[in-house]
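Before any questions on how it binds or moves, here is one chain, the form predicted alone, in structure tokens.
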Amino acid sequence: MSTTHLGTVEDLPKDYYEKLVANNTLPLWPALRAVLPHGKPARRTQPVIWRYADVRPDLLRAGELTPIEKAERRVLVLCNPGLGLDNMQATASIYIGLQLIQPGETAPNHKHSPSAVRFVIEGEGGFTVVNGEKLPMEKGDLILTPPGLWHEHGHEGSGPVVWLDALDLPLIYGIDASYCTEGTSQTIDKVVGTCTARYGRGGLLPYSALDQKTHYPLLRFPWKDVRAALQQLAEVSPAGQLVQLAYVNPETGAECLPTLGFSAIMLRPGEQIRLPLRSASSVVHVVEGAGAAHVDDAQHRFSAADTLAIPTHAAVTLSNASADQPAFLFMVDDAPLHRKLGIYEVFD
């Protein structure tokens, strides 16, 4: 039986519909195709790009207008217009913000229920403390601040430090589970570089990890290591094959955080490559280089530090504008969430 033409509210007697509303109920069938469309989701997320050259001056102005004591976290949120600016969503499940910290400032210690990471865009001298370990923040580094772990930020250098925040805040807020707890500044009780020293080589773990696995053993992924690994992978990958590395828990091989996935992509000089068509949404941040992203029917040119939202079920082609230099991208996606819900799909 065809369900192309479903009944509408107007088909129902007015007194019947008003009684339903008075009892806090509604008929499903007039709205069924809005929430359960045929074939693919009815997406509200738009393939929008935020250009760093446009956002950076406003972020620096925020540093002049609002002292850290009045901001707690001085952030400009990248808001997808298709989802409503007030909702502060880059995609339906991913929050992205650009955070600024100035020399001598401290973003106070707290912990929260959403999962979060920091990906450094510019500056020197910044650091994050997570559970008593001081993690240097250099350009391109990925820092994990998982749910429930204490973390604070500081700046011992000169000039601004800016990083990209990525959280599953829309998801956690949407299930009424988002909150934070403030605390006093942490005591640094681990040697700087502890986690990267213990988990700094692929295929090698501290022997004790065989029996005592931890949820978040590696909290900092230095960009210099990721970039070198991408270049090595490119050397052994055939032309036309996507050069992409996943950030994972080194003890389990699983994604770093429960609901968000992270990966790095290298586009070889002059390369144009099509990403797999997936059910997951994602946000792509340009670490180095320039090029173009074709997302469904939208075409966006990008340069270093730009950020692009990619909706679910989107056809994506990336191209490197340089004929002699590689381009490097950082990707956040909600594939781990899709996998846990049993809805993750790759369509080609």
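Because the structure is a prediction, the values reported are computed rather than measured. Heads up: residue numbers just count along the shown sequence, starting at 1.
Beyond the structure shown, there is the form predicted together with 2,5-dihydroxybenzoic acid (GTQ), which is absent from this document and is the topic of what follows.
Contact with 2,5-dihydroxybenzoic acid (GTQ), judged by heavy atoms within 4.5 Å in the model of the complex, is confined among 211 to 219, 147 to 155, 191 to 199, 272 to 280 to 147 to 155. Residue 143 falls outside the set of residues with a heavy atom inside 4.5 Å of 2,5-dihydroxybenzoic acid (GTQ) in the model of the complex. Among residues of the shown chain, residue 255 is not one whose heavy atoms approach 2,5-dihydroxybenzoic acid (GTQ) to within 4.5 Å in the model of the complex.
Although the partner is absent here, residue 165 is a contact residue: one of its heavy atoms lies within 4.5 angstroms of 2,5-dihydroxybenzoic acid (GTQ) in the model of the complex. Residue contact check for residue 75: one or more of its heavy atoms lie within 4.5 Å of 2,5-dihydroxybenzoic acid (GTQ) in the model of the complex. The three residues 294, 300 and 312 each lack any heavy atom within 4.5 Å of 2,5-dihydroxybenzoic acid (GTQ) in the model of the complex. Checking 134, 227, 118, 268 against 2,5-dihydroxybenzoic acid (GTQ) in the model of the complex, a heavy atom within 4.5 Å turns up for just one residue: 118. Checked against 2,5-dihydroxybenzoic acid (GTQ) in the model of the complex, the residues 93, 249, 263, 99 give one hit for a heavy atom within 4.5 Å, which is 99. Residues from 105 to 133 that approach 2,5-dihydroxybenzoic acid (GTQ) in the model of the complex with a non-hydrogen atom closer than or equal to 4.5 Å are 110, 112, 118, in the order they occur in the chain.
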